[in-house]
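Next up is one chain by itself, shown in structure tokens, the form predicted on its own.
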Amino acid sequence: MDLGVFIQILVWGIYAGCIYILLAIGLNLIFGVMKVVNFAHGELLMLGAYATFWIYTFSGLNPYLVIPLAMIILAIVGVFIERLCFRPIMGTGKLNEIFLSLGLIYLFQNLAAVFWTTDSRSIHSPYSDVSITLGSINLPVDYIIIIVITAICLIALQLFMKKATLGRAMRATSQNREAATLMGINVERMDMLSFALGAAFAATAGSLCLITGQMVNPYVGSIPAIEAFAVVIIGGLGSIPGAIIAGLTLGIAENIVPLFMQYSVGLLGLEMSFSAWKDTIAFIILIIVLVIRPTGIFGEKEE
């Protein structure tokens, strides 16, 4: 097996892991503070990708510079979703939350189809033909940029949660809502903030997918959302370190394992393609982790 090909596929896996991390962290922020599972999180990715597409189309700016604007737009959308949809039903039962989020999936998909049709759209990155050559290895600049952007987002989130007053208030709300209320923290404001941040991270993931050449349409968020939920469950509900480790593991495994499977059958003189196994790998890992540790890698056992 060629080492250069292996390293390139490893980089692709890290890139995919970065997308999963951004989505999963958004889910974990919302769940950690509100204890709500938002099944429509993939549609926030889709809306973020559309926001980047239209801003780029009308402004002509470097698409990477458009990402902060898309994050702000989706943060505002997240605030409206939390206030108008989830806040009125909080505490009324998990079934209501599940059906509400499932309803939002169809609502956002159909609204996107009405406004922007079902045609697929994409952006040509200004760096799509640029790569860094290290011996026999060609590393796409876009993938390196995405890894750097993800690292910056994670560092910024860590500093916000550890140092900022609002970040510490969010952590307190996540740990104990009643105690946080007694200490004078406006927990409803923390709910709103967590949803805004979660939506902004989803917008970042959608924007990065679009810029690297993936097509955006009203249904593009479905598969990434499922993968992100697998990451959240593997890492442990509400655990940001768990989401990071699980996201990278999943992204790398989805790209490396099919390569090894194809290489193995090649040694036997057989010709088989395992590219269709890419999405299956996530759920094989999910099953293994749940059998060994039902709460996930970093999940806490319920008392």
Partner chain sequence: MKLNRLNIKTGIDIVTLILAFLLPLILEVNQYLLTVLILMLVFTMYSSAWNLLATSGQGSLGHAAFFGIGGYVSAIISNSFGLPVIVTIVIGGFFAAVIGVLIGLTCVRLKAWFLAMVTFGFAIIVQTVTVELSGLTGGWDGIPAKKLVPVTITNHVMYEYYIILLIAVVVIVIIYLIMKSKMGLALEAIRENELEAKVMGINVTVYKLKAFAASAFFTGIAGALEIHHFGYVTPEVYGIDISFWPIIYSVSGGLYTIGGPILGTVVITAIWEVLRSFGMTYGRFILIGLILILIVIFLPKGLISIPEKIRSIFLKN
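Residue numbers count along the first chain shown, from 1. On a predicted model such as this, the values are computed, not experimentally measured, just so you know.
Keep in mind that the form predicted together with its partner chain is not shown, yet the notes after this line are about it.
Heavy atoms, 4.5 Å, its partner chain in the model of the complex: which of 28-36, 43-51, 242-250, 66-74 makes the cut? Say which one. Going by heavy atoms within 4.5 Å, the stretch is 28-36.
Its partner chain: the contacting residue among 172, 233, 145, 187 in the model of the complex [heavy atom, 4.5 Å]: Comparing distances to its partner chain in the model of the complex, the residue within 4.5 Å is 233.
Indicate whether the candidate residues 154, 194 and 298 are all in contact with its partner chain in the model of the complex, with contact defined as any heavy atom within 4.5 Å. No, because 154, 194 and 298 lack any heavy atom that approaches its partner chain to within 4.5 Å in the model of the complex.
Is there a heavy atom of residue 181 lying 4.5 Å or less from a heavy atom of its partner chain in the model of the complex? Contact check for residue 181: no, nothing within 4.5 Å of its partner chain in the model of the complex.
Evaluate residue 158 for contact with its partner chain in the model of the complex, applying a 4.5 angstroms cut-off between non-hydrogen atoms, and reply yes or no. Flag for residue 158 set to no.
Partner proximity in the model of the complex: residue 176 to its partner chain, non-hydrogen atom cutoff 4.5 Å: Residue 176: no, not in contact with its partner chain in the model of the complex.
Is residue 79 part of the interface with its partner chain in the model of the complex - any heavy atom within 4.5 Å? It does not: once its partner chain is placed as it appears in the model of the complex, residue 79 has no heavy atom within 4.5 Å of it.
Within 101-121, which residues come within 4.5 Å of its partner chain in the model of the complex, counting heavy atoms only? Heavy-atom contacts within 4.5 Å come from 102, 103, 104, 106, 107, 110, 111, 113, 114, 118.
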